[in-house]
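Before any questions on binding or motion, here is one chain by itself as structure tokens, the form predicted alone.
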């Protein structure tokens, strides 16, 4: 059983704006250096290092060394799921006045982004809805991949969902989208789908953040395979 003190300790890890900013930045699924995260959060490198130690010790982040550089990233997909679920519970507030660049970045995130290693935003929800409407995904009692869905993923991705999985990660699961307030496809199938979209150039990253942009070839693929037409 989880003790109250353990739950409070976990909540305390995110009860700091700098640590929360670091965790949200790492939702792009990539590994960042302490210096990059310090610049992103707007704090001194020494301050960021202290926060990173707490997040690593608390099990939310892991640290990896490559050469003389040290990188941190989210510990596993369940941490990304936790962050997205918490974000989706926050009631929207009127946005303060901001510049054109910030408004443009926010709009891009809502259109399409990565949620750790799967697609989110309007793009992710549209793909999930289309898969459900075409009988590839069953949402009647949670998320389940249908036989037709397994065949479609094997055809489109060249990946057989029935093959042995290296981890206990669910094949499919719903992930509550914090901007759309609806579920998009997560789990191993969602990760493979996102990997293929990026690898085939159907979506490309916008800058160094989480936002992605649908390409012309991506629009053709979505139209032909899922009858999706996105502006």
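For clarity, a rigid core is taken as the largest C-alpha set superposing within 1.5 Å between two forms. Positions refer to the first chain, counted from 1. Given the structure is predicted, the values throughout are model-derived calculations rather than measurements.
The same protein also has a form predicted together with the DNA, omitted here; what follows describes it.
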Quiz item: Would residue 58 sit within 4.5 Å of the DNA in the predicted bound form, counting heavy atoms only?
Solution: no
Quiz item: Is there a heavy atom of residue 51 no more than 4.5 Å from a heavy atom of the DNA in the predicted bound form?
Solution: yes
Quiz item: Just to confirm, residue 199 within 4.5 Å of the DNA in the predicted bound form by heavy atoms?
Solution: no
Exercise. Please run the contact check for residue 191 against the DNA in the predicted bound form: heavy atoms, 4.5 angstroms, yes or no?
Key: no
Quiz item: Among 183-191, 42-50, 199-207, 23-31, which stretch sits within 4.5 Å of the DNA in the predicted bound form, heavy atoms only?
Solution: 42-50
Quiz item: What residues of 57-82, in sequence order, lie within 4.5 Å of the DNA in the predicted bound form by heavy atom?
Solution: 65, 67, 68, 69, 70
Quiz prompt | residue 195 C-alpha shift between this form and the one not shown of 2 Å or more, rigid core reference | solution = no
Exercise. Kindly check if the Cα atom of residue 9 is displaced 2 angstroms or more between this form and the one not shown relative to the superposed rigid core.
Key: yes
Quiz item: With the core lined up, does the C-alpha of residue 72 move 2 Å or more between this form and the one not shown?
Solution: yes
Quiz item: Given that the distance between the C-alpha atoms of residue 109 and residue 41 changes by 3 Å or more in the predicted bound form, do they end up closer or farther than here?
Solution: farther
Self-check item: CA-CA separation of residue 195 and residue 71, closer or farther in the predicted bound form than in the form shown [shift of 3 angstroms or more]
Solution: farther
